Ligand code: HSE
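Take a look at this single chain, the form predicted alone, given in structure tokens.
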Amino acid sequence: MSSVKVGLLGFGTVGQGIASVLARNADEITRRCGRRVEVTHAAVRDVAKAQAAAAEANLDIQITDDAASVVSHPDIDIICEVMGGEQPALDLCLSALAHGKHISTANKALVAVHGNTLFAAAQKYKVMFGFEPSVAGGIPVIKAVREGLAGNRINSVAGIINGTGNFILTAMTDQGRDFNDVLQEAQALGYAEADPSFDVDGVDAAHKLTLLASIAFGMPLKFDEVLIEGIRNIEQEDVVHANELGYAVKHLGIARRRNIEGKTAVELRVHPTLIPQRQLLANVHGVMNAVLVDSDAVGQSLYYGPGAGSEPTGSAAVADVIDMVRALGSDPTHQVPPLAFQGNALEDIPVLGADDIETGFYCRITAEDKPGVMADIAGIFGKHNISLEAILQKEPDADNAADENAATLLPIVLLSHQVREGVMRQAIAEVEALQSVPSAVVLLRVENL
């Protein structure tokens, strides 16, 4: 049989990883899927640069700056979209689908925002749309949740799904450094972009969580309803206090199924989180990713590995390609649905707002060091039926103590048991209104997973 030909949209880090994996492991891949698979074309902005990269890797690929010619090429069977961004990637993918091409993409923003449209188009044109490389790089978590756990009712998914944020928090924890200092190092090492907003503000993780949640719960993609908080405001002293209390600060994406008065709802949230140091997720360091899935039959399962990189992400794309080669010529109704559930069986499950999330909380309150302050604070928490797990009262602030004219301030750190977030925020507003509390309370969520 003739070989299966792959066209790339983009030939940067991931595109070169795809081509490299397919070329190096060509014989093994042929044995797995029954036909030889080769990259024949790539569309790029800088043709000369891509040609030089292909020549250096000894890859025989036709390079062009005309992406439309690649997606419509009659000899190309599969498109790997690795150019990033929503446009022109969306239009090119829709065109490729209309031309009967299967697609694998590493573009989590494209799928999280436009996936519902793309999946419908793939169904219309009876082709496959894969996105394994778009979540957690080389970790095959999409396939694990969509297929390996297909017999389970999934209760929750929680993960470290952005390596840049994890690198920064790891260095803040292990080396006692401040956020801005570590961010500069991450940029110098190439882990963070010149504009790191998508990573440190949580958008990248929210894109990935959107995909995981839809596969886990059988719901349409709902990126616009994800609660998103980044790590820019994490202060070194809170990392230290968390450590003293036996917790690590991690930037997590959490999707959890909830039963509210007999009806199903879900929490979709990305934010800094305190988790117990004894847990495996707390010990995922540097740029590594990990996803913890809780399901009824299996229980907890953890998927760990590199969340980015040329060949790890290329490996995930090649896995999609192999699935597509195996399916060539088959009945499309027998293919695995993109979101695990049949398209007409997706359930529009409501997403809970921030006030209805239930979790524990870490609170750092800077208060005047005088009698009755702790009683006032405890009284407010008691009034709202907020149970406290731990209290850590620190020494007065050294700079403030040196000023004879200023009231002595000291940090009070509280850990609460699980409580509805709306209730906690009401209590915090009352604490901040106390004359003895001159600054805003630092509030971080706590998860025992």
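A quick note: this is a predicted structure, and the numbers were derived from the prediction, not measured. Counting begins at 1, following the sequence as shown. By rigid core we mean the largest C-alpha set that fits within 1.5 Å across both forms.
Beyond the structure shown, there is the form predicted together with the ligand, which is absent from this document and is the topic of what follows.
Asker: In the predicted complex, does each of 164, 199 and 308 have a heavy atom within 4.5 Å of the ligand?
Answerer: Yes, the whole trio is in contact, each within 4.5 Å by some heavy atom.
Asker: Which single stretch, out of 210-218, 156-164, 235-243, 95-103, brings residue heavy atoms within 4.5 Å of the ligand in the predicted complex?
Answerer: Result for this chain: 156-164.
Asker: Counting only non-hydrogen atoms and a 4.5 angstroms cut-off, does residue 192 reach the ligand in the predicted complex?
Answerer: Within the cut-off, so yes.
Asker: With a 4.5 Å heavy atom cut-off, would you call residue 269 a contact of the ligand in the predicted complex?
Answerer: Flag for residue 269 set to no.
Asker: Is there a heavy atom of residue 323 lying 4.5 Å or less from a heavy atom of the ligand in the predicted complex?
Answerer: Result no; residue 323 lies far from the ligand in the predicted complex.
Asker: With the cut-off set at 4.5 Å between non-hydrogen atoms, does residue 108 touch the ligand in the predicted complex?
Answerer: Answer yes; at least one heavy atom of residue 108 falls within 4.5 Å of the ligand in the predicted complex.
Asker: Any chance the CA of residue 121 moves 2 angstroms or more between this form and the one not shown, core superposed?
Answerer: No, shifts by less than 2 Å.
Asker: Classify residue 183 as shifted (yes) or not shifted (no) between this form and the one not shown, where shifted means its C-alpha moves by 2 Å or more with the rigid core superposed.
Answerer: Yes, the C-alpha moves 2 Å or more.
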